[in-house]
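Below, in structure tokens: the form predicted on its own, a single chain.
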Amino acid sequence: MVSLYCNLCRGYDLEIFRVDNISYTYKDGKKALDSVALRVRAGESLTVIGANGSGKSTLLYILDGILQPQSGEIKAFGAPLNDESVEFRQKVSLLFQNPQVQLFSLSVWDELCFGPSQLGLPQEEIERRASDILELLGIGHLKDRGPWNLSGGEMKKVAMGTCLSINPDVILLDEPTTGLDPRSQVELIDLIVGLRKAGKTIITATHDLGIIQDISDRTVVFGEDHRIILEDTPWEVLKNTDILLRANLMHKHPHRHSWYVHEHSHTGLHEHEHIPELIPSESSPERAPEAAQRIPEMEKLRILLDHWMEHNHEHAETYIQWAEKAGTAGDATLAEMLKEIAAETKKIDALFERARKKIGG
């Protein structure tokens, strides 16, 4: 199997990227980055989150040398970034958000062979690497297919394979879970976790809050002003709802139920676990101990109780509003029933409060 272990020493002492106050504006006048400063060390896994258009992809393009900042300075491996350096191209690989722009060969096999062939490797080694990537990603059945005949998820896997085939030390991932079905998303996350364990330096641009705890050590948040507005651990970032709202990564979502509307905050997909991945997924038990160490169990429970209490109180108030509407409409029986439901709901609210006090905070 092709080695996925990093060729650099994983000590966090080697600085991979130093970004000092870079800015970039596209030719159409659209600003992408404004005075962005960032440090990335060897073996670190960083997530860059922000709403669409906040500058995440542009940052990756600059780190990969595709774009040059219009102001500020960027260094890679301790020297000014030189995208024409063969050494740099061997060390850094970028997965584009749209895999169609990354695939151009006649077959999947040719795609996986192309990168290693540019390194001047013997043909036997090139073919071994391509075969290993087919096995690693479970895409052996696609070997002779043309990339244009693949589904979006299959294209994404092949594009990821082209990144890994050169065994880079640094992997830049632009919205890697976009377009993947749930199983493929889990497989990709597991792959990223494996690359982290192998010592790779990984920078992932995403607006999927549900994955950042699993795949990163540190998270930076881009605001809609194209600046970094927060830098912290993924857990602390997820707790900071004010920043997530400001970055348009979280929103007040109105629930409409016929004659009434009430609002509360949602992050990520419209699901009722609004704070993503508070508890490690049973589908990936090997990651559970690490996640449990990062987030104390009682703190997770406290956050969830706060969340449930908020919604339970809102529901009780809504039932009272219903009762008033029913009374106004002349249905006294329904009004009394709704008042009783509200009273029972408030009893549950009191139980939540007692449980909250029991764990402190």
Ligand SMILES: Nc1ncnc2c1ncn2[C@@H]1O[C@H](COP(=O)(O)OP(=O)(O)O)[C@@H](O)[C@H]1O
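Residue numbers here begin at 1 and follow the sequence given. Bear in mind that the values here come from a model prediction, so they are computed numbers and not experimental data.
Although not depicted, the form predicted in complex with the named molecule is the subject of the following passage.
Residues within 4.5 angstroms of the named molecule in the model of the complex, judged by any non-hydrogen atom, belong to 24 to 32 and to none of the other stretches in 37 to 45, 326 to 334, 24 to 32, 312 to 320.
Residue-level contacts in the model of the complex: of S131, N167, Q102, Q97, one residue has a heavy atom within 4.5 Å of the named molecule, and it is Q97.
Mapping the unseen interface onto this chain, A51 counts among the residues with a heavy atom inside 4.5 Å of the named molecule in the model of the complex. Using a 4.5 Å cut-off on any heavy atom, the residues of 54 to 72 that reach the named molecule in the model of the complex are, in sequence order, S54, G55, K56, S57, T58.
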